[in-house]
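The chain below stands alone, shown as structure tokens; this is the form predicted alone.
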């Protein structure tokens, strides 16, 4: 019987979407669930997200946000240079750090940075940004295939799975190799829709290949928006949840992805 694994990325304290995704993954008979990091940021009450993941036995790894919170760093290691993006990153990070309980901060600091397992006869590597750098942004329009192939070679993997950039995509690299970005649960994909994304990884019928299915997930985004406002988070963050258009973190987007958005 073939295995299937649910993969969540970039929760960003969106506990409403996370709760819905856990239900959806169960309904799809996922054998296990992995979270590829960035549990906090952007949304309200980060401990709710952490508690959900721990209560459901999700295998969780560090994103840059989790590494920073868990080690008491001064910023999110997001790498922004734009003053406006840095302004909102500081607000988000300070809120998340203050609202994450000390026991949960300790737990975040102890999470692994990578996960490895075999599936469909393939060596699968889960990372946050890339295998070489936790906060590396990889976008479909700007990431060359030869770089992804080199990652597979350098890190002994056939299938590499990441998140971090906020937009899902995948690429067949040839010779049975693949790169998959699973997108994020925490906020929409800058396309004017309010749903978010996760991925299901499964073995093909013969058990010799790994296939990815991207799952669009509707959730009660208005409930999340109300909670964000009650926590006095920036209205720019709330607008993204309600409209599906990014208002911050825009400097990381390559031109092709940037043109799709409103801003």
Partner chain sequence: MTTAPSFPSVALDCLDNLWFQVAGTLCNLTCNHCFISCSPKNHTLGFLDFETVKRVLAESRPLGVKEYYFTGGEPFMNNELPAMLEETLRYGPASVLTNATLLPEKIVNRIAKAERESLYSLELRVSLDGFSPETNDPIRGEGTFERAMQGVEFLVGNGFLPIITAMRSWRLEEEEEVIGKFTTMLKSRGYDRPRLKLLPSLKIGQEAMRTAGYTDLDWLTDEMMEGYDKSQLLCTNSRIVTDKGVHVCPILVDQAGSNMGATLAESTKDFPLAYQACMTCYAYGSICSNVSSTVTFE
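What you see is a predicted model, and the numbers here were worked out from it, not measured in a lab. Numbering follows the first chain given and starts at 1.
The same protein has a further form, the form predicted together with the partner chain, not shown here; the description that follows concerns it.
- Message: Within 4.5 Å, heavy atoms only, one stretch in 174-182, 107-115, 159-167, 134-142 touches the partner chain in the predicted complex. Which?
- Response: Careful reading of the contacts points to 134-142.
- Message: Just checking whether residue 147 would be counted as a contact of the partner chain in the predicted complex - the rule being heavy atoms within 4.5 angstroms.
- Response: Residue-level check for residue 147: yes, a contact with the partner chain.
- Query: Hey, in the predicted complex, is residue 22 touching the partner chain, heavy atoms inside 4.5 Å?
  - Reply: Because no heavy atom of residue 22 falls inside 4.5 Å of the partner chain in the predicted complex, the answer is no.
- Message: So in the predicted complex, is the partner chain close enough to residue 83 to count as touching (4.5 Å, heavy atoms)?
- Response: Although the partner chain is absent here, residue 83 would touch it in the predicted complex, with heavy atoms inside 4.5 Å.
- Message: Within 4.5 Å, heavy atoms only: does residue 253 come near the partner chain in the predicted complex?
- Response: Close contact exists here: in the predicted complex, residue 253 approaches the partner chain to within 4.5 Å, heavy atoms only.
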